[in-house]
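As a starting point, one isolated chain is supplied in structure tokens, in the form predicted on its own.
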Amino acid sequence: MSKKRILSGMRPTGKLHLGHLAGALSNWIRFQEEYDCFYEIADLHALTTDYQNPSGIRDNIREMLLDFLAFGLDPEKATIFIQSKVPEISEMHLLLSMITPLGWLERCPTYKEQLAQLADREITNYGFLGYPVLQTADIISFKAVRVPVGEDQVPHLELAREIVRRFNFLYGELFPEPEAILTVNPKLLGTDGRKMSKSYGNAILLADTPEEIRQKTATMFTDPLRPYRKDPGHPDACPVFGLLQMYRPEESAAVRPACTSAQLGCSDCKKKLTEILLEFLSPYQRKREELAREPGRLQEILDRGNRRAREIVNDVLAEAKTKMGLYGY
């Protein structure tokens, strides 16, 4: 029996950080043993918010690929491809845009949320509004039956399912309704106590040097309810403890009572975290450096992934065009 196909992607807007690893990449690595996986470097999606300054996208594609491979994505087990190198996806997006009511996009809860979060950018354009349609095209172009998502992406996937149902109703059954694989997305706090995010500038990157990691952990916010060393701590409110719990759970179990009884200070926890992160990231960073010295191999992986993706999507697009009365096969 053939493996079920899944599709997921990330936008190349910068190097990956610990939050990406915990929320997505670690799951992708696990899924490649169980599913026929397609992992997209979503450069067109990056343009929806960064169209005014796209200069970093090309370099970010390489950095993202290095992170993927160094942490364990295997191009022999999963297909890694660049979205814009599969132009048939963009054509599928155009076809879907013909049948997607405007109201469906305007009511998507993440649309208004992101408008507010990115108020400093001019993003009142179709590309941003139509992001879920392109996302749907990504999924159905591979006839993916499952999509790994966190809870915040469930509304987008439900919209994709609505678009699929509308297409199948209008033109006849073609696409499966994609189901969510709800992934556990632990909310990692960044160095300033907010959710770890590149846009906040509070992230510990997977590719950070030891010195950068030391600097970031040394300046991390700690327990906001503990103004003095002698005060008992509240570890669940502390970003440092959250990372300790993620990467050394057995040690965090001993840290908790020492923190709450004021036997352990915040600077002590920071030192522990620094050494834990350096130990955890060191093997990955060595692998990353080795891969960076093989640009030909990196390009070959992308070329092979792009070819396989195009072969599949071309056939699916032809089916869709035939269903819609256009020239297909």
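Model, not experiment: these values are computed from the prediction. Each residue number is its position in the shown sequence, starting from 1.
There is also a form predicted in complex with the RNA; it is not shown, and the following applies to it.
- Stretch 214-222 is the contacting one of 214-222, 170-178, 93-101, 137-145, since its residues have non-hydrogen atoms within 4.5 Å of the RNA in the predicted complex.
- Residue 270 is the only one of 62, 270, 288, 304 with a heavy atom lying within 4.5 Å of the RNA in the predicted complex.
- Site annotation in the predicted complex: the residue of 257, 249, 210, 227 reaching within 4.5 Å of the RNA with a heavy atom is 227.
- In the predicted complex, residue 56 stays away from the RNA, with no heavy atom inside 4.5 Å.
- Taking the partner from the other structure, the RNA in the predicted complex has a heavy atom within 4.5 Å of a heavy atom of residue 266.
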